[in-house]
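A single chain comes next, written as structure tokens; it is the form predicted on its own.
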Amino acid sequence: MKRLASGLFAFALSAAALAAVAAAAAADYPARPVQIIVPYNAGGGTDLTARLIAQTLEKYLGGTVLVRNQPGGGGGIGTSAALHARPDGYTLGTGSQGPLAMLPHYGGIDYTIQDVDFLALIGRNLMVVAVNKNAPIKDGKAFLAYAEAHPGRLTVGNSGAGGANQIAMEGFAMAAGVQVKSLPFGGSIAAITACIGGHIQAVVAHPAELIDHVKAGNLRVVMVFEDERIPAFPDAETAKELGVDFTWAAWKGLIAPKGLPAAVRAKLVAALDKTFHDKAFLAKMTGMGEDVDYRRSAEFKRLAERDAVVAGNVIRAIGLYGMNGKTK
């Protein structure tokens, strides 16, 4: 009995010692520079956003925050590096929809969405559908009616095979129970140009990519994949208004490998919350043309996991599942 009591006492002392060490580590965090891995080249939108976040986060975290670019593999290489880093709070990553919700279904990578600790959503790029000015489609209702009456004949361009824009249209079509003919192009500009030229009837793109063409009268936005109509195109109906329960937008946020010490994570999340409410930071983001749609960890996680399910269903349906190799 004495031996048992002695063992329990030793265990209690050990647990208390570990707790004290963990508390001390959290109190000292960050004791060295924190790095944010950007899985894309320097100079792009995600990179510039990450650098603004790093500058502001330093103020609230009380330490140096650096940005490291690790491009390649459609964002998969840098994302993998962030998720396989030691979970101590010193290596974070920018996590985008493609690498997190889509690439795991294409295969050839060594992580899944279940490996991600979602810290904060940075923003979303909305998706809308536009038609050629001469297309026999005047609004969202007409778009859906045309697709229903002409299965597989409604041509809709997108920025590339298997990309977020194609997933958007195919996901909508699946939810609506219709068939469209998705046509991948080498980027959004090429798809938009084809639509303006009348070579295709419609195109999926971001509002900023379309607004000048709409103002010029060459295109008409008929649908938006949001919960509510958007100020840029107030006449464009949502899919939900048409009776189709579907939303979709590209997004990016800050992530970490799972297993962060609770106290470190709490300090990091609190600093991020202050960062995304910092007026100077928000002004700089606006000046850079980046819209901030900050969402805390739980909501970011729900969005990402929902999109992963939608993307998986679409990718299987269009025959691209596992095209890059074995899925994890």
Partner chain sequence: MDALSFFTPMTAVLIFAGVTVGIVFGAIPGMTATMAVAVCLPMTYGLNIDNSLSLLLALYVGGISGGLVPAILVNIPGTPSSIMTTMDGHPMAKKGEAERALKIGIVPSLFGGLFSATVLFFFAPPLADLAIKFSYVEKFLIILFALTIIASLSKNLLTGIFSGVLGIWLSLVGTYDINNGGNGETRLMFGWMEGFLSDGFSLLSVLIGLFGLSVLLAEAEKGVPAEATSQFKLSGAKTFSLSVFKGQIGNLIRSASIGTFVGLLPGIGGSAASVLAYTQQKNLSKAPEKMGTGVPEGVIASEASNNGLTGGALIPLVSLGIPGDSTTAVMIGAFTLQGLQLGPLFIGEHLETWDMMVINLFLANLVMFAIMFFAIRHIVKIIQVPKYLLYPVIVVMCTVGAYSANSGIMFDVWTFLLFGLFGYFGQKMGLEVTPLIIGFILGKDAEIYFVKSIESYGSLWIFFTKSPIAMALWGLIAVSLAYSIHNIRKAARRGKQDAAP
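Please read these numbers as outputs of a predicted model, since none were measured by experiment. Positions refer to the first chain, counted from 1.
What follows is about the form predicted together with the partner chain, which we do not show.
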item	value
Contacting member of F233, W251, F118, F185, with respect to the partner chain in the predicted complex [4.5 Å, heavy atom]	F185
Answer option from G243, G197, G177, G72, heavy atom within 4.5 Å of the partner chain in the predicted complex	G197
Proximity to the partner chain in the predicted complex (heavy atom, within 4.5 Å), stretch among 142-150, 73-81, 93-101, 211-219	211-219
Candidate spot P261, V269 and K301, all three touching the partner chain in the predicted complex (heavy atom, 4.5 Å)	no
Exercise: G160 in contact with the partner chain in the predicted complex, heavy atom 4.5 Å	yes
In the predicted complex, R229 touching the partner chain (heavy atom, 4.5 Å)	no
In the predicted complex, K181 touching the partner chain (heavy atom, 4.5 Å)	yes
T112, heavy atom within 4.5 angstroms of the partner chain in the predicted complex	no
Within 4.5 Å of the partner chain in the predicted complex: residues from 298-321 (heavy atom criterion)	L320
